[in-house]
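A single chain comes next, written as structure tokens; it is the form predicted on its own.
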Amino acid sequence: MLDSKIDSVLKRIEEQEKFEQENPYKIPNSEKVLAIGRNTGIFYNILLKSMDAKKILEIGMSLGYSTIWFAEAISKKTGGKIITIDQDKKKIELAKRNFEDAGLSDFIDIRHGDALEVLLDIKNESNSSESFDFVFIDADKERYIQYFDVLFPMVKPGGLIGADNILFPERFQKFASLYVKHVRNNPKIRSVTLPIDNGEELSLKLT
């Protein structure tokens, strides 16, 4: 059962997204939720708990909906941390409020900037030895492959990489298909598409 503060924030974001879907022109793009579905959040939350994940990297935070699901999963772990990246300052401020209201700020390290540049900074900081347990990709779809290639060395053997919007919306199908093909051509990866909400590609780093 979710903590009441966390559940309240998640439901608040879900209500905002529902309003946006019903009134697509009333909310500016800079304030739109653009989040994973609730079933996806529950799935990853269960998965992260079951694998005892401690270090998480998220590319594409938006208002922090997925981040909250991830943070709740590691919130009982000493030293557990999520590094999450977004380039929209307004969304970062809104996400910070959500994290504070959920009581999860201490587990979340927000990095502002272009995702590829920030990824390279993280890689340089850690000398490629960060060893993330889980990485989640949910940013500009045309750069999924670039993100994957940069982050792959930073994922520990046995770690997982999730990618959103693999099945829907249809306008992303071209980039999603290229990403799936690219990942599955990697001999160090075992990968599957999961038909949850907008579709997830879940990839296991074998070695």
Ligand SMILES: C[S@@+](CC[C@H](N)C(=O)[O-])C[C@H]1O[C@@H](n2cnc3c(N)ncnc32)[C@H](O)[C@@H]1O
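This one's a predicted model, so the numbers in the text were calculated from it and none came from an experiment. Numbering starts at 1 and follows the sequence shown.
This next part talks about the form predicted together with the named molecule, which is not shown.
Checklist entry - For the chain shown here without its partner, which stretch in 155 to 163, 140 to 148, 43 to 51, 173 to 181 has non-hydrogen atoms within 4.5 angstroms of the named molecule in the model of the complex? => result Selected range: 140 to 148.
Item to check | Contact residue in the model of the complex, chosen from S75, S131, Q87, S105 - any heavy atom within 4.5 Å of the named molecule | outcome: Here the answer is residue option Q87.
Next on the checklist: Which residue, E93, D114, E100, D109, is the contact with the named molecule in the model of the complex, using a 4.5 Å heavy atom cutoff?
Outcome noted: Exactly one listed residue reaches within 4.5 Å, namely D114.
Next on the checklist: Although the partner isn't part of this model, could you tell me whether I27 comes within 4.5 Å of the named molecule in the model of the complex, counting any heavy atom of the residue?
Outcome noted: Because no heavy atom of I27 falls inside 4.5 Å of the named molecule in the model of the complex, the answer is no.
Item to check | Non-hydrogen atom contact M61 with the named molecule in the model of the complex at 4.5 angstroms | outcome: Flag for M61 set to yes.
Checklist entry - I56: heavy atom within 4.5 Å of the named molecule in the model of the complex? => result Flag for I56 set to no.
Checklist entry - Could you tell me if L34 has a non-hydrogen atom within 4.5 Å of the named molecule in the model of the complex? => result Answer yes; at least one heavy atom of L34 falls within 4.5 Å of the named molecule in the model of the complex.
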